[in-house]
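The chain that follows stands alone, in the form predicted on its own, written as C-alpha cells.
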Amino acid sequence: MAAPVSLLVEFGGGAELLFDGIKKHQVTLPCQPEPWDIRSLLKWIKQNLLKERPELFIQGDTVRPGILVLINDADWELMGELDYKLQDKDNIIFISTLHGG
C-alpha cells in the first residue's frame, strides 16, 4: 500500500480559471494500492479540483496540448510524463500556453 503523498499543485497562464481562480492547492493524495503517478494525479484533479470545462484541461488520460507541465520546476518530458512516480513534497505546475485572440 502506497503512503499518502502531499503535493503543491499550481495552475497558471489562465488554467487557474478552471479551478475557481485558485492558483495554488496544497493537496494530500490518499493511500492507494499502487504508487501515485501523474496519470493517477490527473484523474484525481479532475474529480476533486476541476470546477468547469474539463475538456480545456484533460484530453483522454493526459493534459490537453498547450498545457505545460512542470515537476519541481523541470519539464515533465524529462521526468517520464504520465509515468512519473510522485514523491512527497513534489511541486506540480500546470501552465496554459493557449491564449485567445
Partner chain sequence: MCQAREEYGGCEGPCGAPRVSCAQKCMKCKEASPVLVIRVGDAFCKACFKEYFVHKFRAMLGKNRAIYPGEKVLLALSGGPASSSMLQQVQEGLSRETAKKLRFIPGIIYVDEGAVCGQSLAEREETRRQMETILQASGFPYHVACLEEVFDLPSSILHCIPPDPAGPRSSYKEAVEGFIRQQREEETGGASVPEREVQEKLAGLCTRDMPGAEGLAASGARPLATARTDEMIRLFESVKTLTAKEELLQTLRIHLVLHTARVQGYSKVMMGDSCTRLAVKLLTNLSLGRGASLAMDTGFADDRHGNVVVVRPMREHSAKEIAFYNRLFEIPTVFTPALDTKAREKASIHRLIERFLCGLQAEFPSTVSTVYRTSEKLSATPGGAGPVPERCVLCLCALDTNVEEGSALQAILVSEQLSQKRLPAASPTGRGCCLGTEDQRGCCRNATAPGADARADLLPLLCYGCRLTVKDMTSLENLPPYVHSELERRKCRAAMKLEIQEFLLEDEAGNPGDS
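Remember, it's a predicted structure, so these values are computed and weren't measured experimentally. Numbering follows the first chain given and starts at 1.
Below: the form predicted in complex with its partner chain, not depicted.
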Quick check: do Pro4, Glu34 and Gln47 each get a heavy atom within 4.5 Å of its partner chain in the predicted complex?
no
Within 4.5 Å, heavy atoms only: does Asp88 come near its partner chain in the predicted complex?
no
Consider Ile22 of the chain shown here, and say whether it contacts its partner chain in the predicted complex, taking contact as heavy atoms within 4.5 Å.
no
Partner contact for Thr28 in the predicted complex: its partner chain, 4.5 angstroms, heavy atom
no
My question is simply whether Leu68 lines the interface with its partner chain in the predicted complex - judged by any non-hydrogen atom within 4.5 Å.
yes
Which residues in 56-76 have a heavy atom within 4.5 Å of its partner chain in the predicted complex?
Leu56, Gln59, Arg64, Pro65, Gly66, Leu68, Leu70, Asp73, Ala74, Asp75
